[in-house]
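Quick setup: the structure tokens below cover two forms of a single protein chain, split into structure 1 and structure 2.
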Structure 1
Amino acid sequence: MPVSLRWAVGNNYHHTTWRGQYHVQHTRRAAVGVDRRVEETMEFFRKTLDPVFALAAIAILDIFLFLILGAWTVGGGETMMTGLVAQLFLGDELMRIPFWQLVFPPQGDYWKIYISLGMFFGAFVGAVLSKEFYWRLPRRASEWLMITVGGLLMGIGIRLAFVCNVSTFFGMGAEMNLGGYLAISGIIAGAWVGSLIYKKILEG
């Protein structure tokens, strides 16, 4: 347990020792309860979660999101962010590109942007609390090249299909949308070709 938390739990306990015997015992029991709860919470940041459990929890939350706003997607929010960043650089000139006028007029209050920002924030909190946050850099030039090409292909692919992998598996596929099946076939074929290329590069 971090020192600050241990101090907080211990401190609560000491403040109550002047009370009657019943109160002391009661509080002691409560303090042990708090202690255990804090321990359990900290345990969450020590162990690796079973991904089946994590994804089941995400699926249930995604059903609530589907009821309120729509199923979980990432590509749409990323596109809007691209538009907003491009607007920062190009200003009104951006509106001369038809895509940003007809398909994705940039707007900052588009809810899908905040799913992505939330994922970044949640992962940062998880990494800091479990002491897993540290700067990592790809070492070799070939890795940088693969990431650059991979990123470009992902961006082009999302826009060409109008869906990303998240909306494929956690949205369209589960809604039994015809596009979901096309997208799942596409991504499996792509991952297979990608794996062949990846293997070649690893072996070469």
Structure 2
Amino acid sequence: MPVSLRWAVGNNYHHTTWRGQYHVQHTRRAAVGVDRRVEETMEFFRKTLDPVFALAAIAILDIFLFLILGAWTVGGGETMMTGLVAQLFLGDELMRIPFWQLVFPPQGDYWKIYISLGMFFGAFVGAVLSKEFYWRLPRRASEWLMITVGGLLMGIGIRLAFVCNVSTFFGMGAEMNLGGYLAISGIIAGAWVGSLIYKKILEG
């Protein structure tokens, strides 16, 4: 091989090898950087906020929400979603029930619907990013029964009291409303009794 050709081939070989090594090192550094950013994101969502800081942040955001839109409730949005689903199946027949005609006329633009959906979406994203999301289904028929009965009782209680636990804790409680404190006492007592029943059935 002529000297000039050997020189050209040799330089080209060394140049190609150097570029390959640079590409591998660059790819490895980029992969390490991505892994580090993913790990930092996971750690951020795994952290538990200090309760005092979290409640202070919720209180401040709640003030702005009240000034802009109104009191923060979750039960109202879920009630409206239930009404929209019922209207989908029943049509105008739903209006024969006074509750849906006078108290909660189904409206798709009811802003509390999107508060509930936003909470669900935020919880889902946080769980996925922290790699703590998983499906859990009750294994026993008794658990399904307890969930169904508990959900129905919660729904009935919400509609009878016309508030939900969120508005009770962060609305009526903050306003030092006596009814709010009575409701909070009932929620705590009910949660305690319910946990005892749940534990007894599971251990049985």
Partner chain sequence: MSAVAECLVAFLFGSIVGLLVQRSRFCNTAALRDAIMFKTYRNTKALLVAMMILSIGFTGFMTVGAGHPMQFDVGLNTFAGLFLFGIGMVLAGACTVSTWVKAGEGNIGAIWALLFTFVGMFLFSLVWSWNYWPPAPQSMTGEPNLPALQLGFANARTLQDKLGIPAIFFGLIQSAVLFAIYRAILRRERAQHAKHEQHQQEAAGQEA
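Keep in mind it's a predicted model, so treat the numbers as computed, not measured. All residue numbers here refer to structure 1's sequence, counted from 1. Under this definition, the rigid core comprises the largest set of C-alpha atoms superposing within 1.5 Å between the forms.
(message) Deciding between structure 1 and structure 2, tell me which is the form predicted in complex with its partner chain.
(response) Only structure 1 matches the form predicted in complex with its partner chain.
(message) Once the core is aligned, what is the C-alpha displacement of residue 49 between the two structures? Give it in Å to one decimal.
(response) The shift comes out to 3.7 Å.
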